[in-house]
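As a starting point, one isolated chain is supplied in structure tokens, in the form predicted alone.
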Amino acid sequence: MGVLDQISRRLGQAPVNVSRRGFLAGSGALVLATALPLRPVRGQETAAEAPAVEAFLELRPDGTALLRSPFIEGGQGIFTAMAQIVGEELDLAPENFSVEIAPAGGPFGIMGGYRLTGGSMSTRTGYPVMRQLGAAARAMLVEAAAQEWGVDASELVTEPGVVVHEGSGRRAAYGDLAAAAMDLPVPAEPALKDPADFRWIGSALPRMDVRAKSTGRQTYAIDVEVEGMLLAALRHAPRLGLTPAAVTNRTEIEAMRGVHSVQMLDGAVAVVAEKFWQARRAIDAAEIDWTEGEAQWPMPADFSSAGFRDTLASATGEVVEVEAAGDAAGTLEAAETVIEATYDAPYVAHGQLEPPSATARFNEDGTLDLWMPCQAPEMFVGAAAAAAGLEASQITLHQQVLGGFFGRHFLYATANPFPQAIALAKAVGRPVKLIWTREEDFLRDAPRPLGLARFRGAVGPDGPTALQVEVVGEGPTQRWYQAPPGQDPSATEGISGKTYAIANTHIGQIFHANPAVIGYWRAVGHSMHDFMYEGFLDELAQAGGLDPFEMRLSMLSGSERHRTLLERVGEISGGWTPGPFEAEDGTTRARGVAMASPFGSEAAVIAEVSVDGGEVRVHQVWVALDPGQVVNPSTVEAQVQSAVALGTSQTLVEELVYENGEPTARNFDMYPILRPDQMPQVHTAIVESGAPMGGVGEPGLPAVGPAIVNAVATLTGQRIRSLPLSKHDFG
């Protein structure tokens, strides 16, 4: 179970009709919200108590529908999925829907009283609620027609957008029934469709946000314009913990064209101007003296990522048990063949397409409006209230579509610009839009933690007999939600939670605090830990003289679901062939295999690689993904392609290096990402096992890295235990 699965407990809920007098007086629309036992969580205590006056669903007189999505669109296709699910049960084609982001507060906390977009949870969390919502609306429309025609509701059926009485041939469009349906009670348990009758769930429908994004019409936080606003650029202290002592040329830069003022912030200096380029030019010219200040997590002046890796490698302390079976220690002690290895993976940046920004406006009545991207609206409202010295009820968050995220837009104390935007708007008395440049984003990003694990394993003629792992470090859930060592999935997932049958295992964590401000990254702990586990599994196979594919099959004898998945990826790759072998183009290639069990889904991957001029080239990646059930196959395939791109990128080239307490990369010139010519061909097989619905956005990533590394080991004889591959010599 992943970290966000662990903190998500969906309570029972049922749709509720919102009175036309209380919400849309005289509109003739059918308006449905939900009645939830809202249970506030950390950072949401006041926001969660907002009255449920916003609606999930409005069915309009023209037969179209407005759906307010509890989840934030960030390129993953959630708006389309929500329209498909609601439309399926409502019996209204998804193209008749418009979808927007639901505001903070109100009835939208469908994840047990709160909501967030992340952990590959949106569709699987929203699926039962949205089906019920659509079914309730359909039942009310049918009842409205039954009362109008004086027939029993059981005599009526629906076609897309229409209620039909087959006996008389009478038909009524949804829009014509919306007003009458508005005053009917909402059924507590409306009948749901038989999946065999689905029209749209399971269909590869086109994404509803593609046109706006491909034509440049989609707006993001960086595009926000507010009347009378100023623009701001800033420069953070080069090391977290420093703060500005003085701007020695302040008079000079405040005299520059368009500049309104220079503002001293905690750990940064900002220039506020009429235009962003004016602010940027001025802050670039600023001469700033920095001094030691106060910070919750100050970076040591001598901190380096290389030194921290060595610290983790030699760390000792209490090993907190995470998983255990049999007698791993005793079996290892008695074994003839014992393999030991230490694996590590570096800090990696988010590098999302849209740099962070926030716009703040204080109003005459003392309220505050904010325009910004985030993945957890109610949490951000709570934090903004604290920053502004207001009540959450005084803040209106205008949530923006995300220009990429990968975990970047969670609430990290030093990595979000909105507290600075609030401070600037308060200081200058006008609305302010603050944009972090890419350089400031790299400097204050909350990267994926540098991770390390120490492995010991024993193998016999039939496969591994014992496995002992010590995961050393800190997970983001320990940092931000105080999960204790051993109980934080983000710190061990991908090493814990594996499905292979090894009779004697012990997985433990040695907690070691990370000096850097760390955060969630796509696939979280799985993104690095599956590389470590699956790489070591191949080492055991080699030590035992076993084929890594066949060994995995034998270790999955107790799980038909996993065996089916592994066999399926073998099939779509044309049959398992480890190599080395000569390809049609004359290159010498090899293949590697790996599996992962992230976010309620299962994945199996085969990668095919060669080495060209000392550089690893990934030619093809085959992914078999079992998310249990699927809403939109084309979205699943797109997510797999995206996950393979990011998984290949972090395996080949990505590494955020720290020296002297600072990241050495401040832009993509020093932080390479996957080039277009490095992108492999991706082949996807979706396997719907019928298991409970799992995630899709992240599960395609974790097995990519180890499949590539295992292929490299087969091809070159080099076992890589430290990413990225670009720092190793394959010449």
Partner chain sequence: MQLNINGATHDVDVAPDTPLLWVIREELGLTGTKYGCGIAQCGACTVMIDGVATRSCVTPADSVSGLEIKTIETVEDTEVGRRVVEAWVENEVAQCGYCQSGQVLAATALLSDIPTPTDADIDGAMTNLCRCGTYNKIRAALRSVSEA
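None of these values were measured; they are calculated from a predicted model. Numbering follows the first chain given and starts at 1.
Missing here is the form predicted together with its partner chain; even so, the following discussion is about that form.
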property	result
Three-residue site G75, E354 and E654 fully in contact with its partner chain in the model of the complex at 4.5 Å by heavy atom	yes
Contact segment among 246-254, 632-640, 587-595, 508-516, judged by heavy atoms lying within 4.5 Å of its partner chain in the model of the complex	632-640
Close approach of S649 to its partner chain in the model of the complex, 4.5 Å, heavy atom	yes
Non-hydrogen atom contact G216 with its partner chain in the model of the complex at 4.5 angstroms	yes
Partner proximity in the model of the complex: D310 to its partner chain, non-hydrogen atom cutoff 4.5 Å	no
Touches its partner chain in the model of the complex: G460 (any heavy atom, 4.5 Å)	no
Listed residue that, although its partner chain is not shown, lies within 4.5 Å of it in the model of the complex (heavy atoms), from R456, R207, H398, R131	R207
Single option in H526, H350, R115, R124 placed near its partner chain in the model of the complex, where near means a heavy atom within 4.5 Å	H350
Residues within stretch 386-406 having a non-hydrogen atom within 4.5 Å of its partner chain in the model of the complex	L402, G403, G404, F406
